[in-house]
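Presented below, as structure tokens, is a lone chain in the form predicted on its own.
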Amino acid sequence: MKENVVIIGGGVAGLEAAKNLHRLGYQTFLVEKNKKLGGHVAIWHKLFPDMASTKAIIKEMVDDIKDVTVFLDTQVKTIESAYGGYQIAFSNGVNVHAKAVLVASGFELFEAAKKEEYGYGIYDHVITNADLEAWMNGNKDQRIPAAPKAIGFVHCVGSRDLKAGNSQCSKVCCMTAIKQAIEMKERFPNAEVYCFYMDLRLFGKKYEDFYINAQRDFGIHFVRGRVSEVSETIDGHLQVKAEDTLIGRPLKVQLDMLVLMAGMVANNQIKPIVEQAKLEIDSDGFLKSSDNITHIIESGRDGIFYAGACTGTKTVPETVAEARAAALAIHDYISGL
């Protein structure tokens, strides 16, 4: 067995990198702060554009690392340069000397309650995209009506929003909204479903087809315009005010439930690691790569590498590709190539 490598984060990036590093012969330690692997993706019901089962994907990835040392419900307490590598102490009492470290700590979801005008935490039937995914996976949620007749989705909640302190596009919100709108239409065929968007950013393979199908096959209404106000009627429905910028007129719609597409923001829980390892934070709050073109998986510090949404918003395919690239970069680094 070759040198030790520590991976911080057991989401999609950490799982994919762990598989590849183990196959390259490294003693790989995967540390995850939660009690199960999979990260944010594990709570999702299906993944666009193929509507693939998330449970099946995560199960396959976890099965692929059955021989990797995994520490769940564990965090990195200290990380220090030592003997040409890093001495790392975990909260479970284990200490490891690693030749290289991969940070795959992912992201956090924007706190939708900060956008008070949308009524999250105020009105009974306002939920987030994550709440809806949990419900689709079988969790009970009384905020979701038994038979909604009108459902709305608000894009860009906390993303592309200077007032919220986040000017970045979250990349996945448009497609997630379309995916969830289709899933709700499949469950409630007679419901009217609305997507309120600023711009539709559909850049990936089959994404545009997915959007066209949502309109053509499911009759989902797309309204170009930011929602300005959400209020509750006396009978418990939601009234949404927006401006349809395509026709240049204000719009008022009454809904039974509203889903807020909370976007990705930087994971602030890794600040202790950032400080101890002397890593840099970029202007968007995410970890700063050596550059954003050819060295995005490199930290600028010898032996520390990045993969996935710790450096910015990413789709699942991008995250998987970065994890594979990071594993190879670590192999080259340790091999002196």
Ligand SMILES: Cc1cc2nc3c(=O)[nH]c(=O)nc-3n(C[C@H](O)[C@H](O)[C@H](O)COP(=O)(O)OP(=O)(O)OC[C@H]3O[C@@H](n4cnc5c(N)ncnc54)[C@H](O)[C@@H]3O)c2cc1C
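Numbers follow the displayed sequence, beginning with 1. The model shown is predicted, which means the values in this text are computed figures rather than measured ones.
Keep in mind that the form predicted together with the named molecule is missing from the display, and what follows is about it.
Asks: Can any non-hydrogen atom of residue 259 be found within 4.5 angstroms of the named molecule in the predicted bound form?
Replies: Outside the cut-off, so no.
Asks: Please determine whether residue 12 contacts the named molecule in the predicted bound form, using a 4.5 Å cut-off between heavy atoms.
Replies: Close contact exists here: in the predicted bound form, residue 12 approaches the named molecule to within 4.5 Å, heavy atoms only.
Asks: May I ask you to check whether residue 172 falls inside a 4.5 Å heavy atom distance of the named molecule in the predicted bound form?
Replies: Residue-level check for residue 172: yes, a contact with the named molecule.
Asks: Give a yes/no on whether residue 86 approaches the named molecule to within 4.5 Å in the predicted bound form, heavy atoms considered.
Replies: Heavy-atom contact with the named molecule at 4.5 Å: absent for residue 86.
Asks: Mind telling me which stretch in 47 to 55, 297 to 305, 278 to 286, 62 to 70 gets its heavy atoms within 4.5 Å of the named molecule in the predicted bound form?
Replies: Careful reading of the contacts points to 47 to 55.
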